[in-house]
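One chain comes next, on its own, written out as structure tokens in the form predicted on its own.
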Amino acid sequence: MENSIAWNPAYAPGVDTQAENPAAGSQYPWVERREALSPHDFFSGYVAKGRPVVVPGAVGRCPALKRWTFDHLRRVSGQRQVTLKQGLADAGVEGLKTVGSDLNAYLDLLEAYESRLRSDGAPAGERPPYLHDVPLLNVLPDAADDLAGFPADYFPNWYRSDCLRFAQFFLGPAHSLTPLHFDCLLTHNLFFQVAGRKRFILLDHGQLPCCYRYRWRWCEVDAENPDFTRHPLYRDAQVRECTVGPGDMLYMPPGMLHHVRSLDCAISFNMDWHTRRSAVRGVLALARGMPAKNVYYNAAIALGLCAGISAKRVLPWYRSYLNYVS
């Protein structure tokens, strides 16, 4: 039998995890949820207007939702070397470091930790590191087979035939955290949940002055437990939240601040992408303090989009971004 320890089976594909009781435990207003949102309405109603949205079940029919168990990961990729991140914590990322492991050893760590959680009912010992934001195809080279029926129409034409080459993979234990930040290239972001649940706390980029930024894209505020003595401006921040479960897609517009907590052991992937407008704005962000390396990646995409150079030809210039730790 396939090992199902990786997630809570109560949260199965197609279950609307907020519809049961949207107000329960909610601290902030919910992000809008749109069933069966068409690509046309997505681009006109959300991308063009810079509005986040959750699309329940957007990838609910992809085989990955049933296939990506720990047993499957061991069979197809257990010997692969992966890079893990330690130091993604409530207090920020000043202690962030990367460590190497093979995937089998990491899955063993996760299983042991999740087993302790289930028996003790509370975090036991140090939380394992996070397989966070690494190229999907480096972990699962045959992911295209597992994502048959993937809704590529939610991406601009330029990306569609090669969109999985831009995808980033996430696997981590319950309680894993990415503190409040925005995506470093000021890209659009489509986030897909495969197993488990994640809670997102979201703020528009215009709320950045309330969030005490440091190191270009990270924020000092603990969005789950803000300290208003240290961060009084955060009292006035306009905050939203959402929970994504298996099969759900979350869209975040460029610069949206997000604080992400795994409620279960979770598997996800996302894709950062640009329109011509956002790519050019990403290049111009050099004047607002964007690191030069980030501007380079934006310039590569802007050149492709504006000059009609295909994503396949641009990807070699951009590929190192997929392993970029910022």
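The first residue of the shown sequence is 1; numbering continues from there. The structure displayed is predicted, hence computed values, not measured ones.
We do not show the form predicted in complex with a small molecule, though everything after this point is about it.
Wondering, does T178 line up within 4.5 Å of the small molecule in the predicted complex on heavy atoms? T178: contacts the small molecule in the predicted complex.
H274, heavy atom within 4.5 angstroms of the small molecule in the predicted complex: The answer is no: H274 has no heavy atom within 4.5 Å of the small molecule.
In the predicted complex, is there a heavy atom of the small molecule that lies within 4.5 Å of any heavy atom of T243, even though the partner is absent here? The answer is no: T243 has no heavy atom within 4.5 Å of the small molecule.
Can you work out whether V260 and the small molecule are in contact in the predicted complex, taking contact to mean some heavy atom pair no more than 4.5 Å apart? V260: contacts the small molecule in the predicted complex.
Only one of 143 to 151, 251 to 259, 206 to 214, 102 to 110 has heavy atoms within 4.5 Å of the small molecule in the predicted complex; I'd like to know which. Careful reading of the contacts points to 251 to 259.
All of Y296, R319 and S326 within 4.5 Å of the small molecule in the predicted complex, heavy atom check: Checking in the predicted complex: none of Y296, R319 and S326 is within 4.5 Å of the small molecule.
Just one of F155, F166, Y234, F170 has a heavy atom within 4.5 angstroms of the small molecule in the predicted complex, so which one? Contact check passes for F170.
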